[in-house]
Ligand code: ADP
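Just the one chain here, the form predicted alone, laid out as structure tokens.
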């Protein structure tokens, strides 16, 4: 470990006490081992027959999931190479919303294969060049062999949503088909055309969850569900043909910014002071009444006196609504957010067919429904327990991401490991054309891609070697492009005919993220960790006088 240097016969300290350094092949071996371990940690969760992971936090909170991004986020990894692998999952989750397990698993497998090549004295830069060429070839191939899909192809989109959710706990039975329909309806509702392109903002599909009930009780609300209660018991609990005002300012008397004192010397002054406050609040309510609104959503607080006046006028008010919910309400109802009551007019009001407070699992919630062509909708997830409802939410978020990607890109491919197998077969042909040492890296890339069908076969209890051999044979034939692993029946079959399809973007993003992360980690030949310094307290390591920490002596 090189932490010091010789200079004129003297030893000069370069790194702080407790620092560590790994050089050359040691650094590469360590990074490869860590990345492969992370890929292996999520590998068994792949596919509808994949297993779940139970994660217990330091606080004792339990998460049961097989969502790759969630597992890696909850794992709280320390090693820098592991953090890069977690970033792959985060990027995949942000960009597509699905395929996180595939991306991380592929990244780990690419690095393991690269390690074998490094052991054969093939230089890291040669491996990186081969991997980059292979990734570019795969991306072009995916574009060429994708099938087209549009916003109107609801059957295809429902299959994409259903397959995306199939690997989750909620994916068993008929629940995934019902959820798939809800997801597609929600995405199609918020889709907008801009400059001839379809744009989908997933933020306007709100996913609200509440335990109790059954997954079949999950519903799509053509509007917004606000997890708040109506401010005053005297207000109506149900309003039909609601005219909705969205107010950004508080319906309260503003406090002065600096400390101010008011001297009151007589009861009359006190009375007039209180009456003035009441008059100001009444004027605020009168402005709302004058606008014609019968429902008010306020982002800030509403004074008790103002609540009383609103209740007397039969106006429903909800206070302290989140900013994100206010934006969704504006999109759903067509209302404009008023920053001041002076600006509030009839033109600013939105419309909803029904605004109603309902009691769900012991808590009051306000439903804003039956909006005219809302550009913001809510999927209300129900399930028996907290863990199942959380997994249901994750499944729906994945489904929304997959359907949105398919519509925006307009392309999909067959799933079940068929596309990876096809790319692996084609890459091996491409490798022989390239020649030289680079072809070994391209062949390694092809081998790494086969981890997807191999894992699907293993999780279905099939023989992985036999399955891979059969798939390779079938893919070399003209009609073998869509042949993949049918995990339900334990055999290889035509995935497109079975309706096992995925957005092309899931695959392109996974290959791009995995290959770039692999290239980044392979380039590292020196790891210097100065962590020791961070633990130094005021008096040395451990923070005790004389540099003696709590664990430095026996």
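Numbering follows the first chain given and starts at 1. Predicted, not measured: the structure shown is a model, and the values here were computed from it.
Beyond what is shown, the protein has a form predicted together with ligand ADP; the following relates to that form.
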remark   = With the partner omitted here, the residue among 101, 405, 333, 378 that in the predicted complex has a heavy atom within 4.5 Å of ligand ADP is 101
note = Partner-free chain; cross-checking ligand ADP in the predicted complex, the single residue of 70, 45, 28, 515 with a heavy atom within 4.5 Å is 45
inquiry  = Can you tell me whether residue 456 touches ligand ADP? I mean in the predicted complex, with a 4.5 angstroms heavy atom cut-off.
reply    = yes
query = So, in the predicted complex, is residue 487 in contact with ligand ADP at a 4.5 angstroms heavy atom limit?
reply = yes
message = Against ligand ADP in the predicted complex, would residue 65 count as a contact residue? Criterion: heavy atoms within 4.5 Å.
response = no
query = According to a 4.5 angstroms non-hydrogen atom cut-off, is residue 495 in contact with ligand ADP in the predicted complex?
reply = yes
key: Per-stretch contact check against ligand ADP in the predicted complex, the hit in 497 to 505, 517 to 525, 56 to 64, 31 to 39 (non-hydrogen atom, 4.5 angstroms)   = 497 to 505
query = Across 400 to 416, which residues bring a heavy atom to within 4.5 Å of ligand ADP in the predicted complex?
reply = 415, 416
